[in-house]
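Next up: a single chain in structure tokens, the form predicted on its own.
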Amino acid sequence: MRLLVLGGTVFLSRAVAVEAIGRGHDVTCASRGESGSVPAGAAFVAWDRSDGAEPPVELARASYDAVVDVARHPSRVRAAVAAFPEAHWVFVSTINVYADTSTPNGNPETLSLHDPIVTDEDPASASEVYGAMKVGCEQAVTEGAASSIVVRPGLIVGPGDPTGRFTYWAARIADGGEVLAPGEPNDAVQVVDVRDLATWLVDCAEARTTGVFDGIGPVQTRAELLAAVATGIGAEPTFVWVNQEFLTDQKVEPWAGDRSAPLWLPLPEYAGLMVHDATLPADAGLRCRPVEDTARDTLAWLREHPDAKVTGMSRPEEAELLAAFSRTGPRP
């Protein structure tokens, strides 16, 4: 298979290229080339889609069996689809396309989408803008490509993660001691290892799978996930469960960023973002490794790359919060 990966230097798109090369496919990665190198065995072509440039000659003259794209700007997706309309498109979208964030266990057949934004806005301005732009990207693919699959991942984790959300937990739990665990032990969460998602995307490219799927792993409780992280890295921390009312009162940020509790979102308003129905992607071939393995490999990667991003509250902030929480009364 001749595969064009639009990207190929960072996280998921790079993992896709690595997986495809490992299977013996002819892989070309096209990007600006500013975020790192492409994997060994892949051809690299510089193409900056942000300036509206046409594909370079070496791309325009080539034909590809499949294209994998992770872009979030509709104009860039439209231009790429117009350049390679006969290829099978594997477009990586996001569960942020869904307008309903509160209904758990939804899937593409039950959840409505944001109205599409087809112009290139600032995706950092609001989560709704990011999701609506991805809807616009999806439409460009489904309307312009000869065949396509749209995959909407939830939280992608594992080695190379540029967001540092799951990485926070591998690093923090490895340090041991009392660990602030946000929310309730039985809160539902989902993660998907970047390598498992990449494997499935290449499967879909090979099989020319069509349709729309969420790219998500099995549902776990937050207690199960954190325990799996601890097991995977060989740590024995003490988890102190801190309820969301306290976190909100103490102005702890959800999900990511400074003074945040990564992987925590207020409930019930964000229950739909935390858990989707994993049946459809599993039936379509997505296989997920144990979280223990992901945690072990993530920590090993972080130790090899100590400057990698790790989002979340600092250790002094965590200690301050735990001390304040202990003063609120006896722990359950």
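These numbers come from a predicted model, not from an experiment. Numbering starts at 1 and runs along the sequence shown.
Same protein, other form: the form predicted together with a small molecule, not shown, and the subject of what follows.
If you check the small molecule in the predicted bound form, you find a heavy atom from every one of Thr9, Arg49 and Ile156 within 4.5 Å. The small molecule in the predicted bound form is not approached by Val291, whose heavy atoms all lie more than 4.5 angstroms from it. Looking at Ser63, you'd find every heavy atom of it more than 4.5 angstroms from the small molecule in the predicted bound form.
In the predicted bound form, the small molecule lies farther than 4.5 Å from every heavy atom of Gly272. Taking the partner from the other structure, the small molecule in the predicted bound form has no heavy atom within 4.5 Å of any heavy atom of His88. With the small molecule omitted here, the record of contacts in the predicted bound form names 92-100 of 205-213, 244-252, 107-115, 92-100, defined by a heavy atom within 4.5 Å. Note on the partner interface in the predicted bound form: the residue among Leu286, Leu263, Ala42, Val70 having a heavy atom within 4.5 angstroms of the small molecule is Val70.
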